[in-house]
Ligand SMILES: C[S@@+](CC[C@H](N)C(=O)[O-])C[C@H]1O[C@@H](n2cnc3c(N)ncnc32)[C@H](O)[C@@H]1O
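The chain below stands alone and is given in C-alpha coordinates; this is the form predicted alone.
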(Lines give C-alpha, C1' and ligand atoms only; values in the text may rest on other atoms or scores of the structure.)
Protein backbone atom coordinates (compact mmCIF):
# COMPACT_ATOMS: atom_id res chain seq x y z
CA UNK A 1 0.00 0.00 0.00
CA UNK A 2 1.36 3.42 -0.94
CA UNK A 3 0.77 6.55 1.08
CA UNK A 4 0.43 10.09 -0.16
CA UNK A 5 3.21 12.55 0.63
CA UNK A 6 2.44 14.52 3.77
CA UNK A 7 1.99 17.80 1.87
CA UNK A 8 -0.82 16.23 -0.19
CA UNK A 9 -2.69 15.04 2.88
CA UNK A 10 -2.17 18.37 4.61
CA UNK A 11 -3.38 20.30 1.56
CA UNK A 12 -6.50 18.14 1.19
CA UNK A 13 -7.35 18.54 4.87
CA UNK A 14 -6.78 22.29 4.74
CA UNK A 15 -9.13 22.73 1.77
CA UNK A 16 -11.72 20.40 3.30
CA UNK A 17 -11.78 22.68 6.34
CA UNK A 18 -12.47 25.85 4.33
CA UNK A 19 -14.44 24.43 1.41
CA UNK A 20 -17.66 26.39 1.92
CA UNK A 21 -15.87 29.69 2.57
CA UNK A 22 -13.58 29.11 -0.40
CA UNK A 23 -16.54 28.42 -2.69
CA UNK A 24 -18.16 31.69 -1.57
CA UNK A 25 -14.89 33.55 -2.21
CA UNK A 26 -14.41 32.04 -5.66
CA UNK A 27 -17.97 32.68 -6.83
CA UNK A 28 -17.99 35.43 -9.45
CA UNK A 29 -14.19 35.72 -9.58
CA UNK A 30 -13.88 35.24 -13.32
CA UNK A 31 -16.28 38.09 -14.03
CA UNK A 32 -13.70 40.45 -12.49
CA UNK A 33 -10.59 39.37 -14.45
CA UNK A 34 -10.86 39.92 -18.23
CA UNK A 35 -7.24 38.97 -18.93
CA UNK A 36 -7.72 35.62 -17.20
CA UNK A 37 -10.85 35.01 -19.26
CA UNK A 38 -8.90 35.90 -22.41
CA UNK A 39 -6.20 33.27 -21.89
CA UNK A 40 -8.84 30.68 -21.00
CA UNK A 41 -10.64 31.52 -24.24
CA UNK A 42 -7.38 31.15 -26.19
CA UNK A 43 -6.73 27.78 -24.55
CA UNK A 44 -10.25 26.63 -25.47
CA UNK A 45 -9.76 27.72 -29.07
CA UNK A 46 -6.51 25.74 -29.36
CA UNK A 47 -8.10 22.64 -27.81
CA UNK A 48 -11.15 22.79 -30.06
CA UNK A 49 -8.96 23.23 -33.15
CA UNK A 50 -6.81 20.22 -32.21
CA UNK A 51 -9.86 18.05 -31.55
CA UNK A 52 -7.84 15.72 -29.32
CA UNK A 53 -10.34 14.94 -26.56
CA UNK A 54 -11.74 15.98 -23.20
CA UNK A 55 -10.27 18.58 -20.86
CA UNK A 56 -9.44 17.92 -17.20
CA UNK A 57 -9.33 20.74 -14.71
CA UNK A 58 -6.90 19.48 -12.10
CA UNK A 59 -7.43 21.04 -8.70
CA UNK A 60 -10.95 22.06 -9.64
CA UNK A 61 -12.10 23.18 -6.19
CA UNK A 62 -15.85 23.91 -6.09
CA UNK A 63 -16.16 23.57 -9.85
CA UNK A 64 -16.74 27.07 -11.19
CA UNK A 65 -13.76 26.93 -13.57
CA UNK A 66 -14.80 23.52 -14.91
CA UNK A 67 -18.22 25.00 -15.61
CA UNK A 68 -16.59 27.94 -17.39
CA UNK A 69 -14.61 25.54 -19.58
CA UNK A 70 -17.87 23.77 -20.42
CA UNK A 71 -19.33 27.16 -21.38
CA UNK A 72 -16.35 27.58 -23.73
CA UNK A 73 -17.62 24.47 -25.57
CA UNK A 74 -15.12 22.04 -24.08
CA UNK A 75 -15.88 18.54 -22.81
CA UNK A 76 -14.62 19.37 -19.33
CA UNK A 77 -14.46 17.49 -16.04
CA UNK A 78 -12.80 18.23 -12.70
CA UNK A 79 -10.45 16.45 -10.30
CA UNK A 80 -9.50 17.62 -6.80
CA UNK A 81 -7.72 16.25 -3.73
CA UNK A 82 -10.40 17.59 -1.39
CA UNK A 83 -13.52 15.42 -1.00
CA UNK A 84 -15.38 18.41 0.47
CA UNK A 85 -14.61 20.48 -2.62
CA UNK A 86 -15.78 17.68 -4.91
CA UNK A 87 -19.04 17.41 -2.93
CA UNK A 88 -19.66 21.15 -3.42
CA UNK A 89 -18.81 20.94 -7.12
CA UNK A 90 -21.23 18.06 -7.66
CA UNK A 91 -23.98 19.93 -5.83
CA UNK A 92 -23.43 23.14 -7.81
CA UNK A 93 -22.97 21.50 -11.23
CA UNK A 94 -24.77 18.14 -11.23
CA UNK A 95 -24.48 17.92 -15.03
CA UNK A 96 -20.67 17.83 -14.87
CA UNK A 97 -18.26 15.08 -13.83
CA UNK A 98 -16.10 15.58 -10.74
CA UNK A 99 -13.73 13.08 -9.13
CA UNK A 100 -11.51 12.95 -6.04
CA UNK A 101 -7.92 12.39 -7.11
CA UNK A 102 -4.35 13.65 -7.13
CA UNK A 103 -2.94 15.34 -10.21
CA UNK A 104 0.36 13.47 -9.84
CA UNK A 105 -1.35 10.06 -10.16
CA UNK A 106 -4.44 10.38 -12.35
CA UNK A 107 -6.81 7.49 -12.97
CA UNK A 108 -6.66 8.11 -16.72
CA UNK A 109 -5.21 6.14 -19.61
CA UNK A 110 -2.23 7.48 -21.52
CA UNK A 111 -2.95 10.10 -24.18
CA UNK A 112 -6.68 10.40 -23.50
CA UNK A 113 -7.02 14.16 -22.96
CA UNK A 114 -7.09 17.07 -25.35
CA UNK A 115 -6.32 19.55 -22.60
CA UNK A 116 -5.33 20.04 -18.98
CA UNK A 117 -5.98 23.16 -16.91
CA UNK A 118 -4.02 23.60 -13.70
CA UNK A 119 -5.43 26.86 -12.32
CA UNK A 120 -3.41 27.76 -9.20
CA UNK A 121 -3.36 24.04 -8.33
CA UNK A 122 0.39 23.30 -8.40
CA UNK A 123 1.10 26.22 -6.08
CA UNK A 124 1.15 24.05 -2.94
CA UNK A 125 3.62 21.53 -4.39
CA UNK A 126 7.17 21.84 -2.99
CA UNK A 127 9.49 22.83 -5.87
CA UNK A 128 11.50 19.60 -5.77
CA UNK A 129 8.27 17.58 -6.11
CA UNK A 130 6.94 19.43 -9.17
CA UNK A 131 8.69 17.66 -12.13
CA UNK A 132 6.61 14.46 -11.72
CA UNK A 133 3.46 16.55 -12.11
CA UNK A 134 4.58 17.73 -15.54
CA UNK A 135 5.39 14.13 -16.45
CA UNK A 136 1.86 13.10 -15.46
CA UNK A 137 0.32 15.98 -17.44
CA UNK A 138 2.29 14.81 -20.47
CA UNK A 139 1.27 11.18 -19.93
CA UNK A 140 -2.47 11.86 -19.97
CA UNK A 141 -2.40 14.37 -22.83
CA UNK A 142 -2.70 13.24 -26.43
CA UNK A 143 0.13 14.34 -28.75
CA UNK A 144 -0.59 17.96 -29.57
CA UNK A 145 -2.76 18.34 -26.44
CA UNK A 146 -2.64 21.60 -24.53
CA UNK A 147 -1.77 22.57 -20.96
CA UNK A 148 -2.71 25.84 -19.26
CA UNK A 149 -1.01 26.77 -15.98
CA UNK A 150 -1.94 29.64 -13.69
CA UNK A 151 0.28 30.45 -10.71
CA UNK A 152 1.67 33.19 -8.49
CA UNK A 153 4.70 34.75 -10.18
CA UNK A 154 7.79 35.62 -8.13
CA UNK A 155 8.40 39.08 -9.65
CA UNK A 156 12.14 38.61 -10.10
CA UNK A 157 12.76 36.56 -6.96
CA UNK A 158 13.66 32.84 -6.97
CA UNK A 159 11.02 30.29 -6.03
CA UNK A 160 9.55 31.66 -2.82
CA UNK A 161 7.27 30.11 -0.20
CA UNK A 162 4.53 32.30 1.21
CA UNK A 163 1.69 32.13 3.72
CA UNK A 164 -1.25 31.34 1.45
CA UNK A 165 -4.61 31.65 3.21
CA UNK A 166 -5.20 27.88 3.09
CA UNK A 167 -1.81 26.11 3.00
CA UNK A 168 1.83 26.95 2.32
CA UNK A 169 2.27 27.91 -1.34
CA UNK A 170 5.08 28.89 -3.71
CA UNK A 171 5.65 31.75 -6.13
CA UNK A 172 7.57 30.84 -9.28
CA UNK A 173 9.66 32.83 -11.78
CA UNK A 174 7.78 32.32 -15.03
CA UNK A 175 10.97 31.35 -16.89
CA UNK A 176 11.77 28.64 -14.33
CA UNK A 177 8.31 27.11 -14.58
CA UNK A 178 8.48 27.27 -18.38
CA UNK A 179 11.85 25.48 -18.13
CA UNK A 180 10.34 22.61 -16.14
CA UNK A 181 7.63 22.30 -18.77
CA UNK A 182 10.24 22.26 -21.54
CA UNK A 183 12.13 19.45 -19.78
CA UNK A 184 8.85 17.48 -19.78
CA UNK A 185 8.62 17.98 -23.56
CA UNK A 186 6.10 20.80 -23.65
CA UNK A 187 6.38 23.62 -26.18
CA UNK A 188 5.42 27.10 -25.04
CA UNK A 189 2.72 28.76 -27.14
CA UNK A 190 2.37 31.91 -25.09
CA UNK A 191 2.48 33.48 -21.66
CA UNK A 192 0.64 36.20 -19.80
CA UNK A 193 1.68 38.16 -16.72
CA UNK A 194 -1.00 40.13 -14.94
CA UNK A 195 -0.28 42.70 -12.26
CA UNK A 196 -2.19 42.17 -9.00
CA UNK A 197 -5.51 43.88 -8.58
CA UNK A 198 -5.98 46.15 -5.56
CA UNK A 199 -7.09 43.27 -3.31
CA UNK A 200 -4.43 40.83 -4.57
CA UNK A 201 -0.92 40.40 -3.17
CA UNK A 202 1.14 39.04 -6.06
CA UNK A 203 1.57 39.16 -9.81
CA UNK A 204 -0.22 36.35 -11.64
CA UNK A 205 1.54 34.14 -14.22
CA UNK A 206 -0.02 32.06 -16.99
CA UNK A 207 1.64 29.62 -19.39
CA UNK A 208 -0.07 28.12 -22.43
CA UNK A 209 1.78 24.98 -23.58
CA UNK A 210 1.47 22.15 -26.09
CA UNK A 211 2.59 18.54 -25.63
CA UNK A 212 5.17 17.55 -28.23
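Positions refer to the first chain, counted from 1. These numbers come from a predicted model, not from an experiment.
As for the form predicted together with this ligand, it is not shown, yet the points below apply to it.
K.L.:
Among the candidate stretches 61 to 69, 140 to 148, 42 to 50, 183 to 191, which one is within 4.5 Å of this ligand in the model of the complex when only heavy atoms are counted?
P.N.:
Looking at the partner contacts, the answer comes out as 61 to 69.
K.L.:
Going by heavy atom distances of 4.5 angstroms or less, which of 81, 89, 116, 76 would be at the interface with this ligand in the model of the complex?
P.N.:
Filtering the options by heavy-atom distance leaves 81.
K.L.:
Is there a non-hydrogen atom of residue 111 within 4.5 angstroms of a non-hydrogen atom of this ligand in the model of the complex?
P.N.:
Outside the cut-off, so no.
K.L.:
Would residue 120 sit within 4.5 Å of this ligand in the model of the complex, counting heavy atoms only?
P.N.:
Close contact exists here: in the model of the complex, residue 120 approaches this ligand to within 4.5 Å, heavy atoms only.
K.L.:
Is it the case that residue 101, even though its partner is missing from this view, gets within 4.5 Å of this ligand in the model of the complex, heavy atoms only?
P.N.:
Although this ligand is absent here, residue 101 would touch it in the model of the complex, with heavy atoms inside 4.5 Å.
K.L.:
Spell out, yes or no, whether the shortest heavy atom distance between residue 133 and this ligand in the model of the complex is within 4.5 Å.
P.N.:
The answer is yes: residue 133 has a heavy atom within 4.5 Å of this ligand.
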